[in-house]
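Single chain ahead, by itself, as structure tokens, in the form predicted on its own.
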């Protein structure tokens, strides 16, 4: 790093579990871009953004719990992020901070690798920024979406925006679904031994997608495999979304295969891949 090094990084709390730095720094090195991707554990988001505005930044990834709050402190929100109502990417361009959302396209691409979406019944667990991105992406692709959350009122606000169903988590036992998506942090490292729902509520033969990427195979996905379901690991959404972030920040095509190899190798070496 030197005075000309541009800064990118992950903004959230927690951030220790993330593998994004592995992918982005490998991509910067491969394309000879003088930039570094760091992790920033942030509680006071407005103060953080105000401070970094004046520095040599490329942009940021935004994670829990800041995906909706971040919108208040940016100069512009692109159309997709505006419709979703959440940002997971901040791009520094012409002295302005622009909010974008790569969660949606990253998740939809991961889902389409295993199933069609049109006319499928999909249940989303959780009601945060990622749930908003999934609800938007699924609805745009013709799926029938239901949002379930411990606090039904939070699910209702998303349902009203995207004209879909909603309810408390306990309603899952009465719903027949083709696709189940967990957008909550339940099951994330270091609390990897828990699942947002019990095994008996996972419909046999459905597609189960957990956006938690650390551990690689969550307890929910473990249960889903035992129930004969097709599973999608959260790392797929992360890789897809990070590649799109890289392209927004640099204007260059992301070396996706390299990014995938680097993060999978690191997870395997950390004993996280099974």
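Because the structure is predicted, anything quoted here is derived from the model rather than measured. Numbering follows the first chain given and starts at 1.
Keep in mind the form predicted in complex with a small molecule is missing from the figure; the text below concerns it.
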Can we say 7, 32 and 59 each have a non-hydrogen atom within 4.5 Å of the small molecule in the predicted complex? no
My question is simply whether residue 179 lines the interface with the small molecule in the predicted complex - judged by any non-hydrogen atom within 4.5 Å. no
Though only this chain appears here, would residue 99 touch the small molecule in the predicted complex if you measure heavy atom gaps against 4.5 Å? no
In the predicted complex, residue 131 touching the small molecule (heavy atom, 4.5 Å): yes
Is there any non-hydrogen atom of residue 151 lying within 4.5 Å of the small molecule in the predicted complex? yes
The single option of 197, 159, 186, 108 touching the small molecule in the predicted complex, heavy atom within 4.5 Å: 186
Contacting member of 64, 244, 42, 26, with respect to the small molecule in the predicted complex [4.5 Å, heavy atom]: 64
Spot the stretch among 159-167, 198-206, 120-128, 75-83 with residues whose non-hydrogen atoms come within 4.5 Å of the small molecule in the predicted complex. 120-128
